[in-house]
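Structure 1 and structure 2 below are the same protein chain in two forms, each given by itself as structure tokens.
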Structure 1
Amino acid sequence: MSNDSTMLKDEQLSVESLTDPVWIRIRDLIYQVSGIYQAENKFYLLVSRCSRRMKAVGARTPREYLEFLTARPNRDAEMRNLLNEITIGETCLFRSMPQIDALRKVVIPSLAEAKKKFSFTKLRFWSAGCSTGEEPYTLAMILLEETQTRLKGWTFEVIATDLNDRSIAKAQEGIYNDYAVRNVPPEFMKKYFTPVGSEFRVNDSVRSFISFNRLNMLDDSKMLFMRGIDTIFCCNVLIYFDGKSKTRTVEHFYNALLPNGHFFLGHSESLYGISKKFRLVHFPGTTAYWKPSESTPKAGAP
């Protein structure tokens, strides 16, 4: 955040340039392509990220940059670059508190309630596109905490997958710097990390619940094997796919989930126009998608 505000000063972005209506068009374009929404009160972030790309391509005004994104021959590549800029450096452990609260206070209790009826006492979570592992470790720590308190006697596993071998290798190491762990609550820090030099290594007690695998989400034959999942996280990955691939991948996620299962996207990502099978649900401060069970009455959109 502080980086971004210095950035603004460096670039001499005045209030005027923040309110240029072209930003709205760029925001809408990003949403249309990726499903990531940039609220107007966070425009300084959008502007600072675009301004890095504008410098790189030599665009002088937002309008000119919009042209790079829409009219120039390598506009797709530029959109990718911009999306990278937008999602980069966002990753950290315990990134989204509203999502974590929703898990701990709503999703996990109701999952447990429903599964108990069938004498199932195991939870399976999937972190798809896990990159360097921050998300699966976060999930494992939360589940570990639950199974030590409210869900005594339960077991769980976290499946973590990504396309990128190097990311997977880094994820398996499970060593993070202080910036990556800045959101981790102190009691989790104490319980689940060991300092190594200036960094922090996730304890084996957490790792043993996670399996890391390379998996290409566009590989239908592999995706078909994913079944029986309770909750999926897939943050900032679908944004890179074209419409058809998005729809197909989401279809796989749908089939992988058990009825009543939840599908979480990035904090302000939406599935609008991609799939109508999932139901949008709201939790305090965040949204997710939900796979209705057979007995759920059919409703209208969304």
Structure 2
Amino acid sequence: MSNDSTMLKDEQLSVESLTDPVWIRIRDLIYQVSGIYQAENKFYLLVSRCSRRMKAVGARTPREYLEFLTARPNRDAEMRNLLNEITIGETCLFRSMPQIDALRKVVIPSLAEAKKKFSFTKLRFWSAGCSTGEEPYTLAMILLEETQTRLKGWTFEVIATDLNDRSIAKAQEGIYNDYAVRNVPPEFMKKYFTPVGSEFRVNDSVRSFISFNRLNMLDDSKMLFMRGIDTIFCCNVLIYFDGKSKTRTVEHFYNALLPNGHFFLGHSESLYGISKKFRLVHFPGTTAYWKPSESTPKAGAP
């Protein structure tokens, strides 16, 4: 059989597979567990990711795979494996310079000024949905630079969480290829990275400030423990949630932030229709959300 014939057969099987009503049940199960919603026009992605796991466990049909997710003794482990397939992401270090500039020029100075009044000299950042670690390492390097100047004598912590076990493991390694470090300033490459063959490893001087942990944002009990955060980055994660899951998760983020804390989303994301508790703030080339203190006048108040 020719390659073209094989490809055609695979495509036909995929089209037939898309109509199986069991996919709806698997889609709804994924949503219940993680908040990730697969619309009907994205079912081909769901089928593709599930097909990999079906092959791995030896399930012959979607119905049989549903049993692996609901009735087999290792169902929780298999759901984690499936979520690992679904939440694969791609990013790079120093991905958004407008956000980094806003952080260095406005957010960190304002946090430092506010905290000095109460003799607090520690900052806590949260990279929610940290993928393979590029964002938290970027934040840690920026904060390390700041401790040499305006934050001299301060300490900081970067909490990095993700739903994907494999992403967390990759993040903990801290080893990246040319493509992932393409935006890193040369002076940062020299100062904070060590060549490892054709790749680059983040130095321990950066890694020591970051804690990596698996976290399901829809797990209310775990999210309740996330408190006392000064700044949250959650970029290009909520796009996979529906309105109900977004509202629930953003409420957790609001409660996790300290007053005067900032919340950064991806450049195409917003909280419009999701939450009115935050104040939208504009920076050159980007926006963020700010949690007002109790003493801050309400918007529109005289």
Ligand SMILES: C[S@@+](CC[C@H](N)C(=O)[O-])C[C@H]1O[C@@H](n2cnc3c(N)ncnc32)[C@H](O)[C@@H]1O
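All residue numbers here follow the sequence of structure 1, with the first residue given the number 1. If you superpose the two forms and keep the largest set of C-alpha atoms that fall within 1.5 Å, you have the rigid core. Small disclaimer: the values here were computed from a predicted structure and weren't measured.
Legend: structure 1 corresponds to the form predicted together with the named molecule, while structure 2 does not.
Once the cores line up, the CA of residue 201 ends up less than 2 angstroms apart between structure 1 and structure 2.
After superposition on the rigid core, the Cα atom of residue 62 is displaced by 2 Å or more between structure 1 and structure 2. With the core held fixed, the Cα of residue 214 is displaced between structure 1 and structure 2 by less than 2 Å.
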